[in-house]
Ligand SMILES: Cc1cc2nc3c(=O)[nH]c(=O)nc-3n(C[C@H](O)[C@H](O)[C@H](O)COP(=O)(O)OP(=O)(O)OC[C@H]3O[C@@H](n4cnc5c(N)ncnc54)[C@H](O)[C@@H]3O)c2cc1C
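First, one chain by itself in C-alpha cells, the form predicted alone.
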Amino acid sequence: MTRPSSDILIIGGGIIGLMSARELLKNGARVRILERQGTGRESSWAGGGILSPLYPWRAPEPINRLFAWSHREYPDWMAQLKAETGLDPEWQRSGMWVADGDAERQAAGNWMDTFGFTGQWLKAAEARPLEPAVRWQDCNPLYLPDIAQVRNPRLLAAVRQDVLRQGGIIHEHTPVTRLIDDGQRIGGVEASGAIYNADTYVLAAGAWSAQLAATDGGEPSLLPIEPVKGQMLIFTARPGTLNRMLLCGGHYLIPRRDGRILVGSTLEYTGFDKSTTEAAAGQLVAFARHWLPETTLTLEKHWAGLRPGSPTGVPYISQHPHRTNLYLNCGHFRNGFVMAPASARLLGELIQNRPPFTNAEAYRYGRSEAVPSIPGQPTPHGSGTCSHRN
C-alpha cells in the first residue's frame, strides 16, 4: 500500500522531529511524521529538561552556538506555544547551582564572557539562606541565574498539538524499516507494511538514526550515533524544598513546581538495553541524600532512556552527501531540548533554501570529528569536588 505523498517526511517524532515539523509547517510545507512509538516517548520523554549543557564551558563551540540561540528564543516561544495550545510546558528560569568548586572558575568565566551569560560565585554562607535545605558544607558554588528548565512531557504534548494544529500529519507506532534508495535519491520509506513518499526526507530518529542510515546504501561509518543509556529517579518532596537546579560531578537535582525533584543521571554504553539497575538507583539516591540530608524524599519512579550519542555531542544538521533529498537532524546526545529551536531553524533554512542564521559547516554530515570521546561524563576534577563521592 502506498500512502499519499507529502512535501517533507520526517522519520522520528521526538523533540527534534516535532520541532523540525513545526518550523517547516510555519514556512508553508506539507509535513508528515513517522514515529516508531508514541511521539516523544524515547529520549525526549526520559530526560530532565535542563535547558543548558551540563557544563557549557566544556562543550564544543558549535553546541554553545545553538544553545545560546535557543536560549534567547525560549521565553517568547513558550509564551506563544501556551497561548496557541492552552498547554503549559512549565518553562521556568529557575537558575542552576554548579557545586563543583573552584576547578570550574576560569573556564566558566571565559564561557560567560564569550556567550553573554551571567553568573556569581558564592561562599557557602551566602548560598545557605537561598537554599536552606542543601548541605553546602564548605562548597563555594557558581550560581547561574539565567538557566531555565522545562517539563519534558508537557512541552512534547504542546509541540505535538501545535504540529497537528498547523496541518501536520503524525503516524505513531509506525516504525520505519527501510529507506528505498536508488543510489542518488530516496524514493520512499517502508513502514508498517506501507510505502510513504515525499519530495524530501528528514532523518531525526535519535539513537536509531545510524541504523536507518545504514539501510540507505550509504556508508554507516559516516553517521557515528550510538545509544547511551541514562537512568533517572524522581522523588516527591514538599514544594519549595529546592528552588534551583543543582549540578555536581555530572549528576543533578531538578526541582519541579509541584515539589517533585528529579535526580539524574547515568551514562551507560549498553546498546539498546533500557533496563534499570539497583546499582544506578543507589548511586542517584546517595547523590540526592548527600545534598538534601534532612529532607523527606519519597521515591516515586525510576526509569531509563537512550540518548543519541555522537562523538562530540555536536548534532548532524545537513543534507546527506550522496542522497540529494535526504537531510539529517540527529545526534544531539544530552542536549536535544537545549538545541531544539536552533536545530529546527537551521534544518528548515537548509531545506527551504533560506539564508542560514549560522555557519552550517560545523553540523555537516561527514565532517571530521576533532574530539574522540562523547562529552558530558564526569571528569576527575569534576567528580572529586562532591564529597559524597569521595
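Residue indices: 1-based, along the sequence shown. All values derive from a computational prediction rather than experimental measurement.
Here the subject shifts to the form predicted together with the ligand, a form of this protein not shown in this document.
The ligand in the predicted bound form: contacted by all of Gly12, Gly48 and Ser265, heavy atom 4.5 Å: Per the other structure, all of Gly12, Gly48 and Ser265 touch the ligand.
Just to be sure I understand the contacts: of Trp136, Phe235, Tyr143, Tyr252, which is the one whose heavy atoms reach within 4.5 angstroms of the ligand in the predicted bound form? Of the listed residues, the single hit is Tyr252.
Please pick, from Trp91, Trp208, Tyr196, Phe287, the one residue with any non-hydrogen atom lying within 4.5 angstroms of the ligand in the predicted bound form. Partner contact (heavy atom, 4.5 Å) among the options: Trp208.
Answer yes if any heavy atom of Gln37 is within 4.5 Å of a heavy atom of the ligand in the predicted bound form; otherwise answer no. Yes, Gln37 lies within 4.5 Å of the ligand in the predicted bound form.
Is Ile16 close to the ligand in the predicted bound form, meaning a heavy atom pair under 4.5 Å apart or at it? Ile16: contacts the ligand in the predicted bound form.
Do Ala344 and the ligand share at least one heavy atom pair within 4.5 Å in the predicted bound form? Ala344 lies outside the contact set for the ligand.
Though only this chain appears here, would Leu66 touch the ligand in the predicted bound form if you measure heavy atom gaps against 4.5 Å? No, no contact at 4.5 Å.
Using a 4.5 Å heavy atom cut-off, indicate which stretch of 344 to 352, 58 to 66, 320 to 328, 38 to 46 touches the ligand in the predicted bound form. Stretch with heavy atoms near the partner: 38 to 46.
Sequence-ordered list of residues in 287 to 324 near the ligand in the predicted bound form, where near means a heavy atom within 4.5 Å: Going through 287 to 324 in order - heavy atoms within 4.5 Å of the ligand in the predicted bound form - the hits are Gly305, Leu306, Arg307, Pro308.
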